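Only one chain comes next, encoded as structure tokens, the form predicted on its own.
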Amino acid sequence: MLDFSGESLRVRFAPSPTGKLHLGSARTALLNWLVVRREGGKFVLRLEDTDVVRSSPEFEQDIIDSLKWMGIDWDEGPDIGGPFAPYRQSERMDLYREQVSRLLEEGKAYRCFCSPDELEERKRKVVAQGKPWRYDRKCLEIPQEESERLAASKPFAIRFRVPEGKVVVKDLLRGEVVVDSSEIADFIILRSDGRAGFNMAVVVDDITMKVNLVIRGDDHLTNAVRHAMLFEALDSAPPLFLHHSLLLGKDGAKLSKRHAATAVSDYRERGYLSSALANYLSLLSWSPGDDREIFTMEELVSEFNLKRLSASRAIFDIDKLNWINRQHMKKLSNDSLAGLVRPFIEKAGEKELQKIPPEKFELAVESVREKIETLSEAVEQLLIYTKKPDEITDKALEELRKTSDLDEVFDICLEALRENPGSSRDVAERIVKGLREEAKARGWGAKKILWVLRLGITGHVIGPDLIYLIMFWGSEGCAERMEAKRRIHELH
């Protein structure tokens, strides 16, 4: 158990609605959620939407919808409110300005009147000398009275005055991270347009929302140093930090679209199960301590422990995700799987598949479930059940022509079908068993007859197991389909 000296655990997930929910961000949300649901406490959803140009309501909705689809819920957030509302940074600017004014009055911050062009010119000169650039504190030397006079007529930003000494960030995964403050430039905490800088907004939010554990990607480690200084300047104890490894492609670079689809909604649309995606993402940072790999969300909550979280690189492997998705699909009943497949049939606009009666549709889905890795893949596999009796591919027709004793084989198949009317599993199994025995009695391989049976029923060289085909169309329907294929063969 995490000890917060009697205080309730409070974690937050704070995405920026400047794009769809990224897999890496979803993984961060999942880790936060697992911890708080295991330990007890509150999960806060906070939207860092200060980038007014790139943020949009559509991306905000995608984030909310994707989290809910994954089974991640929250106790406070922009859609449900809470004791520390509002939960959008764009609606909290007055609070940030108030704290910036406090730092300004206490001499922990100062106005900066340097224009972007001036900064760029000074940076160019320093870089030309082969030196690293950081803000040169030019405006720190402006006397207070002069600064106030200039502020009346000239635009300015406000910079945090980085104190001297060592900055220590205590990280649950990486231990103490120590940085000399001389490496950190005085950073902007309030832009010239009156909007708070990222670091200032995050720290003020964490303080006012009483967040006491921050779990996020290790790309925020440099920000954590700045945050630690701001917490101290605002006379507040920092939360516990845990910076997990980023999600990477197989080449070791940060996961991007050149590696694979990166948005959670992409995987939802492709027919991955939410439980499988969450299962996979959890295993990229955590291990249960044994060789188990398949977990439900409930099992993850029960098993999850921060002590088993690793700082090792997290490499995204689509093949492993596909395997895990298959394992989760295997756990579904046939009717549950059929229910999940139906929306993909509708989205694909396959009208004939939509006309299949529920009991037959469930049977059809059962027949292809071992051949698919995602729900969307079922659509193409199921199309075989929409083919008309006289439809046959060129490949299937060619295979029929190559079969010796074809007329005799057709007669054998049709006789077996007509002598065993019905569509039950027992009937289907009896037909197939009888045809195997017939082939053996004639000294033929079973494939010679069963191959023609498949080609005759479906008109395709590949498809579901024969048992399912007979159960779907019934022995009478299969005989009708074989007669149609025989006529076509005779015409050719």
Ligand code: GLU
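Small disclaimer: the values here were computed from a predicted structure and weren't measured. Numbers for residues come from their place in the sequence shown, where the first is 1.
Below, we refer to the form predicted in complex with this ligand, which is not included among the displayed structures.
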Proximity of Leu9 to this ligand in the model of the complex, heavy atoms at 4.5 Å | no
Can Ile324 be called a contact residue for this ligand in the model of the complex at 4.5 Å between heavy atoms?
-> no
Is Ala14 one of the residues lying within 4.5 Å of this ligand in the model of the complex, judged by heavy atom distances?
-> yes
Partner contact for His220 in the model of the complex: this ligand, 4.5 angstroms, heavy atom | yes
Determine which one of 181 to 189, 370 to 378, 157 to 165, 212 to 220 lies within 4.5 Å of this ligand in the model of the complex, judging by heavy atom distances; exactly one does.
-> 212 to 220
Ala196, Val202, Leu281, Leu382 - the one with a heavy atom within 4.5 Å of this ligand in the model of the complex = Val202
